[in-house]
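Only one chain is given next, in structure tokens, and it is the form predicted alone.
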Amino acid sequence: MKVRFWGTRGSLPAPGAGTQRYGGNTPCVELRAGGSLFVLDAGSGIRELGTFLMKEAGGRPITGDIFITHTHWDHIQGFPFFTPVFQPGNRFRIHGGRGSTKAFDKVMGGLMDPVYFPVELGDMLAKLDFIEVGGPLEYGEVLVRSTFSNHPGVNLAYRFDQGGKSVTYLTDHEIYEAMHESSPFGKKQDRLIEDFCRGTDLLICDAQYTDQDYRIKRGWGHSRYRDTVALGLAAGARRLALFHHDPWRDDDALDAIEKDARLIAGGKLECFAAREGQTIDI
């Protein structure tokens, strides 16, 4: 299994001199497993991924599976700029949860409504299959499981297992006990999330807030980085990628968060702040 980060920022693209090391693109992660291509979210980072895939293919057909956690703007805004979907002969299965009021394919189609965008979904020449995620999926050697995370609206986390290795993608998640202040409900829900992440080789997890942020942003659907480290430790994860960086956080601030997160982990968990372009072999 091999992971590459194409977008690590949350909420809003944040280009500029202060975000060059960690990147300013919104969520997109490439996973290669069992000989297959999996794309996790379609934030603005997917544009550069598309360019890379076209060069890599050299005119050969591209097939892959795109897994959308939820349809908030920062997780789908790059999809209309993903070049491979405009090329005939390419094929993608696009997975997501059913929205509270609309089917998944209708929501994605609405992204390219003429009111917002000059090219409609039907103008894409690749073969696109929209799949509403229910139970586990098996694609070749890879088992894909999902669970709901704690974020406004309908939001999914995904776990990919192959050959005894695993990657868990849990972005846009607020630790329940922090949100509900140590309630029995919060403890129960957090244990379910821990079990979903149990023993994973790489946990890519929302860590957008500091304690100061959280004083006014409790209930917004994101976690303090110290709570994310605690989750990684409780779940027995082997590596933790702090993810969904706040758009107002510059590189120096993320350096400080990474350093503090490692202190909290106490050497029991390999912990780092995810950077655009970073690759990890599992």
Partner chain sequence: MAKKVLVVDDDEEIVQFVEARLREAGYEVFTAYDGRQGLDQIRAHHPDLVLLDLAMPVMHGFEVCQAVRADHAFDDVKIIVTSGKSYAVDIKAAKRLGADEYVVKPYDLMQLLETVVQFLGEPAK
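Because the structure is predicted, anything quoted here is derived from the model rather than measured. Residue numbers count along the first chain shown, from 1.
What follows is about the form predicted together with the partner chain, which we do not show.
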Listed residue (179, 107, 142, 197) with a non-hydrogen atom within 4.5 angstroms of the partner chain in the predicted complex: 179
task: Could you tell me which one of 71, 166, 150, 90 places a heavy atom within 4.5 Å of the partner chain in the predicted complex?
output: 150
task: Look at the candidate spot formed by 98, 154 and 188 and say whether the partner chain comes within 4.5 Å of a heavy atom in all three of them in the predicted complex.
output: yes
- prompt: Would residue 221 show up as a contact with the partner chain in the predicted complex if we use heavy atoms at 4.5 Å?
  reply: yes
- request: Report whether the minimum heavy atom distance between residue 174 and the partner chain in the predicted complex is within 4.5 Å.
  value: yes
- prompt: Does the partner chain come within 4.5 Å of any heavy atom of residue 212 in the predicted complex?
  reply: no
statement: Here the chain appears without its partner; judged in the predicted complex, the stretch of 227-235, 241-249, 59-67, 213-221 with heavy atoms within 4.5 Å of the partner chain is 213-221
- line: Of the residues spanning 1-20, the ones with some heavy atom within 4.5 Å of the partner chain in the predicted complex are none
